[in-house]
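Before any questions on how it binds or moves, here is one chain, the form predicted alone, in structure tokens.
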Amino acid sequence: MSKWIDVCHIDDLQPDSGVCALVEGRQIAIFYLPRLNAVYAIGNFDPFSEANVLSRGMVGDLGGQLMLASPMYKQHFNLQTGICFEDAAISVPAYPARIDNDRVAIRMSE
């Protein structure tokens, strides 16, 4: 079962950048892309550097897919699936996220 968790107001996010939020004990990297009027959420833990740093990465596009470049060793993760572009066997958790009445919510599994 899953539930939507209210995390913050949209104004708490930096456009085209990431922030880290502690949601139900998990570090979640949240990215706001205003030109798409969308938010994306993935786990903040970088499996390559073994550090909680993904919220500090750069967002962009790789082959037409939204991605995040890790600030450490520059691996690229798909913002929608969490799968690493360079090694599909490696991924980070990806969470459904939405904007509703200027509030950001993330769907978490129980």
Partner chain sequence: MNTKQTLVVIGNGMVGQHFLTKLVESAAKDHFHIVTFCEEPRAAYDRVHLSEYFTGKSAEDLSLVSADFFAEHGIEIHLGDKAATIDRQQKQVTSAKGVVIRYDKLVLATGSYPFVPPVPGHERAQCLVYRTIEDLEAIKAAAENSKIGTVVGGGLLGLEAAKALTDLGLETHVVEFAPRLMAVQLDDGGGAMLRHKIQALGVKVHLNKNTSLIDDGEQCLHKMNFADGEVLETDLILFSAGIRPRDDIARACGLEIGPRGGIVIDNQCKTSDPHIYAIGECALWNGQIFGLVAPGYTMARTVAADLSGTEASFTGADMSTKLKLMGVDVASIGDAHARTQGAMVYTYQNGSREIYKRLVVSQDKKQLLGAVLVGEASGYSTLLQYCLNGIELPENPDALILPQRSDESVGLGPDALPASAQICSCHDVSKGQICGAIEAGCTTIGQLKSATKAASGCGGCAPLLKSVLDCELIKLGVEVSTDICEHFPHTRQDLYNLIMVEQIKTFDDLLDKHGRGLGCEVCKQAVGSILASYWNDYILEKPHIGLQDTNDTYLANMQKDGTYSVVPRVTGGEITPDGLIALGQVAKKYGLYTKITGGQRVDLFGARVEQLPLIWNELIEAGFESGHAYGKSLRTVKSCVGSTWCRFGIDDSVGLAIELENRYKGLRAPHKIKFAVSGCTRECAEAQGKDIGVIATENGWNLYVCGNGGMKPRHADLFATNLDKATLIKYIDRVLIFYVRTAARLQRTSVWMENMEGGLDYLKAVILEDRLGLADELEQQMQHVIDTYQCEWKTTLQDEQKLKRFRHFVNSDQADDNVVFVEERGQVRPANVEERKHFKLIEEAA
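Residue numbers count along the first chain shown, from 1. Computed from a predicted structure; not experimentally measured.
The protein also exists as the form predicted in complex with its partner chain; that form is not presented, and the subsequent description refers to it.
> Do residue 71 and its partner chain share at least one heavy atom pair within 4.5 Å in the predicted bound form?
Contact with its partner chain, yes.
> Decide whether residue 11 counts as a contact residue for its partner chain in the predicted bound form under a heavy atom distance cut-off of 4.5 Å.
Looking in the predicted bound form, residue contacts with its partner chain include residue 11, since a heavy atom lies within 4.5 Å.
> With the partner left out of view, is residue 47 within 4.5 angstroms of its partner chain in the predicted bound form by any non-hydrogen atom?
Heavy-atom contact with its partner chain at 4.5 Å: absent for residue 47.
> Can any non-hydrogen atom of residue 105 be found within 4.5 angstroms of its partner chain in the predicted bound form?
Flag for residue 105 set to no.
> Note that its partner chain is not shown here; using its position in the predicted bound form, name the residues of 57-82 with a heavy atom within 4.5 Å of it, in sequence order.
Counting only heavy atoms within 4.5 Å of its partner chain in the predicted bound form, the contacting residues of 57-82 are 58, 59, 60, 61, 62, 63, 64, 66, 67, 69, 71, 72, 73, 74, 75, 76, 80, 81.
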